[in-house]
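Below sits a lone chain in structure tokens, taken as the form predicted alone.
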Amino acid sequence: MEDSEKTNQIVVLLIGPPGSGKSTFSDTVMRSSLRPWSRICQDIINNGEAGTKAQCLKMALSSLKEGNSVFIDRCNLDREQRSEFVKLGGPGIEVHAVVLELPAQVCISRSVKRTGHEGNLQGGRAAAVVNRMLQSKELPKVNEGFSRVMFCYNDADVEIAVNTYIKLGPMDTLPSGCFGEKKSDTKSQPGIMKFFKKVNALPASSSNEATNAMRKANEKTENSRLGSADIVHTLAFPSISTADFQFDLEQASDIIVEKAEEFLPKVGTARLVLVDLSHGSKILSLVKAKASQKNIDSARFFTFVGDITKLRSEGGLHCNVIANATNWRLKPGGGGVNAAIFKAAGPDLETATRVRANTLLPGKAVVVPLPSTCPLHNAEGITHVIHVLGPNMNPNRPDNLNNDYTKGCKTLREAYTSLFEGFLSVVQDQSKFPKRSNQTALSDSGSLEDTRDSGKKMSKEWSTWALALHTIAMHPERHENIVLEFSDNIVVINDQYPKARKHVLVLARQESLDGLEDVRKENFQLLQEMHNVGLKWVDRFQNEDASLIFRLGYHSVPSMRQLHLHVISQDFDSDSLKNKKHWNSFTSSFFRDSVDVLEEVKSQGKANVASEDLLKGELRCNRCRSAHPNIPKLKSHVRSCRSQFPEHVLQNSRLVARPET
């Protein structure tokens, strides 16, 4: 923040073994805190790779100079490891310790079972490391130089500690002393030592053996996790039109403050943050002063200095939505914010943008949900980018307004209105995929029954991201670059994240058909047309490669709004197939074959849908049904498996293969 030199800063050493929840603790606080934080993690400090203690100290000093408080995310289990970080304290900088003294069983269980750890510490090797670290643990004391030490022995204690730090404003402090410490229970240690001995003998690569050993030693100990606090929705936005488009700063700042004041009451507890790269930014100074004059809540509308694509990682400010001052083509290029955001987001942003719009008019904005694969989503927690186009006052750029500020101010107000309304739509959205499995239930006989009120359509909540197919189905003419074909009743597109070599979607163009459970007898002809179009595309693909085998079907509970038929080859050779849910959604009975759906709708007036619990089942080969421990091993097996498909798949033309000549 611009006033960062006045902030009471804190260095928090998170103390605990792998699996104790240090990263989750810091990430949870940083998502919701009004105080600017930086997380210093040795596992990724060297350009995403493991680094050194010296690098951590250097980055901590740099973050403190920038006005941030700091989380030191290392194990910090003995006094010597902590001593250099304690020395970071000084005038205006307190040093705290948060001790995550969770049961050894919990830490080991988490470490063994986790995947994708930043430092690749998981599986059997992780269990052995936790064992070794715990045997040399030295709990911190206030006399080491800490102004505050807080102990957490369970998830309830952790949640209290998390909320304590979330609530800290930039100027707030916490009482000094030692809080929550209990006498160590020496009787609890021998019980785990037997398990430690087993863990030490485990090979480094044997995560399954480690899991089994943990299960025997731990019996029914649950891998409990820290409950995340509610996210404070935050929009970070640059000043629209004041850089390349050279809009007058005084008039622009008036409009920003006017529109922020107008929209804050509409967005609940959400925050608006005006961002610029420069500490000497005039627009930030003007907006800050004018917002103060109007007594606008500075906790909900404030200015921030930083790179809008790195606010969380470098500035400690978590923003789930950012605005992009874009060009009318909605394409990468140029300079400034537009180029930076497209570069940081990678090709995913351009692809996702094309689903929503191809061009943009001045004064308008378009909300683009980011897929989970996008680097901005993964690294910064940004779920949406809102492209916004303002008025142009630069005579060297096309379509300039020739200094017409009557029209320019009108357009800039429209731009901020569109931007804030787009953010409001994200805030109002529950940001969750629809959960509709409670609308169906198994009867005593084991058949599926519809538990909806007769004749009533239950309300559904869809995330912004989940509405993309509906938008394409209703307006295919606006998406010519991705639509393969369309008619009055259907649209055909490639799946954006295909789960096999060939994977297309046939979308119904009828309103109120969100998914399979909405289908009734009057929709039979539409389903038959979707099936026939799917077969046509199968024939086209098999003309190119006769070895391809297909299934046509629907997911019982769709993740995206608008009834759509999957036409998918059975090789499942795709980098986008990454987890158990992906696999089981196409290979279990959760996937309803189109031929079966047609028969059910014709005979009983509706289609049966299966429970989402099927997505949690074992990973089994779609041919021989052998079980596999993880997706990489399953994929390796599937590539070489030549077994015949299961009998039920071979029946009723569920499998579509090119006849042998």
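Residue numbers run from 1 along the displayed sequence. None of these values were measured; they are calculated from a predicted model.
From this point on, the text means the form predicted in complex with the DNA, which you will not see here.
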Answer option from F263, Y497, F524, F304, heavy atom within 4.5 Å of the DNA in the predicted complex: Y497
Of the options N396, S136, N402, N143, which one has a non-hydrogen atom that comes within 4.5 Å of the DNA in the predicted complex? N143
Taking 4.5 angstroms as the heavy atom distance cut-off, pick the stretch from 370 to 378, 340 to 348, 154 to 162, 577 to 585 that is near the DNA in the predicted complex. 577 to 585
Given that the partner is absent here, does G422 sit within 4.5 Å of the DNA in the predicted complex, heavy atoms only? no
Wondering, does I631 line up within 4.5 Å of the DNA in the predicted complex on heavy atoms? yes
Looking in the predicted complex, any heavy atom of K502 within 4.5 Å of the DNA? no
Within a 4.5 Å heavy atom cut-off, is H555 in contact with the DNA in the predicted complex? yes
